[in-house]
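Next comes just one chain, in structure tokens: the form predicted on its own.
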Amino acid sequence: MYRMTGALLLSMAIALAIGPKLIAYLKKLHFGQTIYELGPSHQQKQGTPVMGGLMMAAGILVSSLVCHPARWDGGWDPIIPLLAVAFLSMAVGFADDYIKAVKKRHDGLSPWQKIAGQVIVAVAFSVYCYLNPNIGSKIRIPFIRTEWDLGIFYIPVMTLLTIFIVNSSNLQDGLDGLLGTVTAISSSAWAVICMMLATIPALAAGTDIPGAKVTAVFALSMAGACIGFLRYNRYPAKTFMGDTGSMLLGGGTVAIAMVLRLPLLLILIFFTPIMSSVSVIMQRYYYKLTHGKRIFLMSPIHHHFEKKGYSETQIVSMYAGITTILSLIAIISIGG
């Protein structure tokens, strides 16, 4: 338990310590956010340093390795694949941010370039999980303590899920402190679930117990990094995480779910980012089918709430409350 607490505190401390110098450095390089008129009026945010997600990356990496609770004995250890998915996803986001900030191409990577990078990461991790005897092709069904064997279809299904969650995380990052707050809560929920699986054998049903403890350390490293980052990202934000940070968090979140064989719990624990993607899909297809009509005033849906007159802090509070309630339900589903 002390290693898990240490992971939370260490990652938070690293993000807090790195923040001021990183923000100053990003300002010096003129790595600022460009605000366009397509959405709600955020012109006051023009030039806010982007790529602040690097401070979270530092916290997650260092604390995950320093507080690692297992022996480095060459056996199966989820910490490396967890970090790999998170940081390779981040690499795609970093490339996108870099092109926008340095090359001054406001579109960044083309959609196909971004998807290609994500597909490589998603396929590689899905194949790894499928071939790993500690994970395999079976996923758990919440509430009823049973499993569903996807067989060879596990690979394409989990590939699509990984891409969807990473992009959902990216879409959620549209308001000061929004994604950081949601991920801090959801990662803490994953840590509680890990501890339940590690300490209550009846709930584990085949889950590798040391793997659950290691995954808890990773989850709390994410939570701590988000909390530290929020010191500089809460409204009014001094820095944005950028695609660098949002894809890091999305990759780390989906990796946790897959390692624990609980991807269905993402529906509860990561509900608000998922709804960001769903709202965009609904808006796009409804617009095409009705030749210009809209379901929402703007998508993703958090911008719809902005258009309705809610402040950024009100929306963040609402999303935090929803995530907390649904995460508690997810935790209960493990013991149900």
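Residues carry their position along the shown sequence, with the first being 1. Worth saying up front: this structure is predicted, and the values here are computed from it rather than measured.
Note that the form predicted in complex with a further copy of the same chain isn't included here; everything after this is about it.
Colleague: So in the model of the complex, is a further copy of the same chain close enough to Ala91 to count as touching (4.5 Å, heavy atoms)?
Modeller: No, Ala91 stays farther than 4.5 Å from a further copy of the same chain in the model of the complex.
Colleague: If we define contact as a non-hydrogen atom of the residue within 4.5 angstroms of the partner, is Ile23 a contact of a further copy of the same chain in the model of the complex?
Modeller: No, Ile23 sits far enough from a further copy of the same chain in the model of the complex that none of its heavy atoms falls within 4.5 Å.
Colleague: Is Ile14 close to a further copy of the same chain in the model of the complex, meaning a heavy atom pair under 4.5 Å apart or at it?
Modeller: So Ile14 does not count as contacting a further copy of the same chain.
Colleague: Would Gly151 show up as a contact with a further copy of the same chain in the model of the complex if we use heavy atoms at 4.5 Å?
Modeller: Output for Gly151 is no: heavy atoms all beyond 4.5 Å of a further copy of the same chain.
Colleague: From the list Tyr128, Phe143, Phe87, Tyr98, which entry has a heavy atom within 4.5 Å of a further copy of the same chain in the model of the complex?
Modeller: Exactly one residue meets the criterion: Phe143.
Colleague: Select from the listed residues Val123, Ile115, Val192, Val157 the one whose heavy atoms reach within 4.5 Å of a further copy of the same chain in the model of the complex.
Modeller: Contact check passes for Val192.
Colleague: For the chain seen here without its partner, which of 162-170, 231-239, 78-86, 247-255 has a heavy atom within 4.5 Å of a further copy of the same chain in the model of the complex?
Modeller: Going by heavy atoms within 4.5 Å, the stretch is 231-239.
Colleague: Taking Met196, Gly321 and Ile332 together, does each of them reach a further copy of the same chain in the model of the complex with some heavy atom inside 4.5 Å?
Modeller: Looking in the model of the complex, the three residues Met196, Gly321 and Ile332 all sit within 4.5 Å of a further copy of the same chain (heavy atoms).
Colleague: Can you name the residues of 300-317 that have a heavy atom within 4.5 Å of a further copy of the same chain in the model of the complex?
Modeller: Contacting residues: Tyr310, Thr313, Gln314, Ser317.
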